[in-house]
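This text opens with one protein chain seen in two forms, each one given by itself as structure tokens under the names structure 1 and structure 2.
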Structure 1
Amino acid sequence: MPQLICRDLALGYEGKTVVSELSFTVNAGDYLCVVGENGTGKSTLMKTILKLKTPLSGEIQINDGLSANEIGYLPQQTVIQKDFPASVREVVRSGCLNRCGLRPFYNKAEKQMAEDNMEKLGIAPLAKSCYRELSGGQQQRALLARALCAARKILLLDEPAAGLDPNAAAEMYALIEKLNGGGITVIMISHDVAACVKYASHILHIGAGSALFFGTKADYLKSEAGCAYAETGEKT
């Protein structure tokens, strides 16, 4: 059952095209990894799917009654004011807001979920710390916990492993795999080709010079783009 269909998308900024002729389908329960070189438009694609940007042309169809408040999102970069006073707990809880609807406050279950997700990502002891005074990796974990709180049907992650130490990254991948097993669709941008090949069900490759590939993991490994890219990934 397709949850998300992109047809002939062209993406870009101020009329300047970054990537075009992008077509793919994501079914409920899929684990799609988006790979490709720096600056080929992966983050732009994710923002377009999230309706933070409008595509230059083409259409994005969202099916299956998927509404915005069932989406979890981990941005690649969060521009947060240097002096923003916010505790980790406040940040993580804000991920639950899309479950609240018109209710002004968090209920018990939502507060508990925030605690659980902090626990899972190993930042429970930091709950009261000031977000902006954390290390880069700790901040990434807090934002991941927030994304997990928000995700009910689909989880979009823009380089979730960036800044995580190897153990934390492995735990994070395991956690996401478990969520995916529970029926949550995952779309993940990553430069960690080994992890993509290990966990993904489908792969979207946005290469330099608009070399595109979309298909299942098995097909990808057989394809030219896949071979070349996976090899460079193994070398590093």
Structure 2
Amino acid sequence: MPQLICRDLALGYEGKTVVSELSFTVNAGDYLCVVGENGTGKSTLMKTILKLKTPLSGEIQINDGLSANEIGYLPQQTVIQKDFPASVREVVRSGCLNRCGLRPFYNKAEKQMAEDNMEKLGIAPLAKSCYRELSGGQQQRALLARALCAARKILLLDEPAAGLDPNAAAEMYALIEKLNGGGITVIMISHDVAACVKYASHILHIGAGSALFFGTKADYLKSEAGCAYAETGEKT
């Protein structure tokens, strides 16, 4: 069942179009990797799906009983975020804020959800630890647990392994694969071609101004865009 349908999107900012004629569909259980060079609109696409930005034209249709604020989002970390002075438990629980509405506290179910997601991602023993004192991999796990608290059925991940050492990156990708296998739809931006080829079910390749490819991983590897991009990735 289609959970997300994008039709003829044009995205940009300050009146400048970055990418246009963008159309694709994400079905329940898909693992979509979004690839392309810097500045081609990948992060702008995610923010538009979340209704943080308005498309210049076209439409995004969210189905399956979902609203934009029920989609889990793991953005790229900034230096300020990495130095956030809160406990891991507080960071993870903050993913439930949209569920609270006007209620100024977390209820029992939301607190338990945070505990369950910390356990699921192997950071329960770090619940009382200060977030800024964690390693990069531990911080990303905490942010992923936070995103899970917000997610009903879809996770949007913007370079989730950026800045991690190879072991931590491999662990992060394994966790995401496990979540996807458990029924969570994943849409992930990544420059890691090897990871995309290993884990994705579908690829969206955005080029300068337009989509170069959308389809299954198998078809992408046979395409002109896929062959060229995979070759570039192997050299970097």
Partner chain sequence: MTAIMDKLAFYFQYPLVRYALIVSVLIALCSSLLGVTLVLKRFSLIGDGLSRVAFGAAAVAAAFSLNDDFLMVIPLTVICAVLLLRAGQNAKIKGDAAIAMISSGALAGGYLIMKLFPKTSNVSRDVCATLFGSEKILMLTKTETWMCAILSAVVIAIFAIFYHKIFAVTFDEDFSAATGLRAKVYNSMLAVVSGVVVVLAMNMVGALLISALLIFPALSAMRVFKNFKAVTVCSMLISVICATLGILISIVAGTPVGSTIVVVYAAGFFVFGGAGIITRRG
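Throughout, rigid core stands for the largest set of C-alpha atoms superposing within 1.5 Å between the two forms. One-based numbering along structure 1's sequence throughout. None of the values given here were measured: they were computed from a predicted structure.
Trainee: Looking at both forms of the chain, which one is the form predicted together with the partner chain?
Mentor: It is the first structure (the form predicted together with the partner chain) rather than the second.
Trainee: So with the core overlaid, does the Cα of E159 end up 2 Å or more away between structure 1 and structure 2?
Mentor: No; that C-alpha moves by less than 2 Å between structure 1 and structure 2.
Trainee: Could you tell me the distance the CA of A124 travels between structure 1 and structure 2 after a rigid core superposition, in angstrom?
Mentor: Displacement of the C-alpha, rigid core superposed: 5.9 Å.
Trainee: In Å, how large is the C-alpha displacement of F105 between structure 1 and structure 2 after the rigid core is aligned?
Mentor: F105 C-alpha displacement between structure 1 and structure 2, core-aligned: 3.1 Å.
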